[in-house]
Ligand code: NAD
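The form predicted alone is given below as one chain in structure tokens.
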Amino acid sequence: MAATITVMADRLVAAVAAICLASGSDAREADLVARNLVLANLSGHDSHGVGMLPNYIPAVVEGRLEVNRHVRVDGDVGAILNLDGGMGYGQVIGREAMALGIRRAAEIGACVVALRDSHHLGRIGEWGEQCAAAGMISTHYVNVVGRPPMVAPHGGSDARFLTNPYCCAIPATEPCGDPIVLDMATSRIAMGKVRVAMNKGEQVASGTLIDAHGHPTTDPRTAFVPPTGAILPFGEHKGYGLAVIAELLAGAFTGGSTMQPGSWARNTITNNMLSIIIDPARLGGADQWRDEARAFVDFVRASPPAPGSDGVMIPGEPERRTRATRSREGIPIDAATWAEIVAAGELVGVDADRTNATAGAPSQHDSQGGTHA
């Protein structure tokens, strides 16, 4: 295999969807999963992209991820919706949950959506973008259980929770403008980014990981190969504090679960998410918030670039720039990750030649070197 292959987005969607179809998903679900994963890659978040498929497909085969599930409303008390994901694909469950919350916020001004027991919700920014596209402000707290902890608390020397994302999205200030979307793990980097570095044979930045003895390391294998170490929280006590809040709001208050000893025995990815969705037209700044937000963003952008910097970018802008580039030039995928995707397809009867042909990727017997598909 080539060290890196480059695949155009539409062909990658088709390849991923074919594997999901073969594993039992209906056409709608296969398309939603594929497009969600590929959009993550297009946005530069390879950690949440098609490299997740080798986690998903074995989970489907072993019954840890339920295909063709839809979100279930367990409680409806006006401004609060209690939802259950039934361990279905988060790409479906998350979209349906946000659609319910958006509809309710449009009716009464705001909605708190408590979603429990979804399989991996993917890039949480997509749910913020869904709300923003509907003209809604949203904020999302997520916890992750079902897998061994991989993030250390500030001041600790071993892992006690996972990457617990936080997202906030603000609608565009102009009809054809772009939303402001902050989407981040509360760990120094996302767990998937450590996996990507390991597959590429690269080191991670210093200050990112500790080994099994609590000592700093840059070797990404530390997070996956026993005896395992841990990822550090971002911003020391600040990221740690936000991770604790996300764990409690998403895990405890949704009726889901928090990280506890042995809670990872299921060996699957379970996400719980508390989302707050607000119609800005009902707030005090309803008549002028767009002008105020636009003026503030313009003021921030006007800061002179720091030495060696390309200048100030607003949250969400790096993803949009990367989408434009990768939509035009293709999505790079390292050979190890692509081999894992091909193997996931073979697990459900999609042979390697078919996956490679659908994606336009080189087969294993092709010559070495970078390849563009």
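On a predicted model such as this, the values are computed, not experimentally measured, just so you know. Numbers follow the displayed sequence, beginning with 1.
A second form of this protein, the form predicted in complex with this ligand, is not displayed here; the remarks below concern that form.
Checking L182, A293, A212, I278 for any heavy atom within 4.5 Å of this ligand in the predicted bound form turns up a single hit: L182. This chain is drawn without this ligand; in the predicted bound form, the residue among P220, G122, G256, G146 with a heavy atom within 4.5 Å of it is G122.
Within this chain, T163 lines the site of this ligand in the predicted bound form, having a heavy atom no more than 4.5 Å away. With a 4.5 Å cutoff on heavy atoms, R116 does not count as touching this ligand in the predicted bound form; it lies far away.
Among heavy atoms of R326, none comes within 4.5 Å of this ligand in the predicted bound form. In the predicted bound form, this ligand sits beyond 4.5 Å of every heavy atom of P54.
Only one segment in the set 43-51, 338-346, 58-66, 23-31 has any non-hydrogen atom within 4.5 angstroms of this ligand in the predicted bound form, and it is 43-51. Along 310-329, residues M313, I314, P315, G316, E317, P318, E319 each place a heavy atom within 4.5 Å of this ligand in the predicted bound form.
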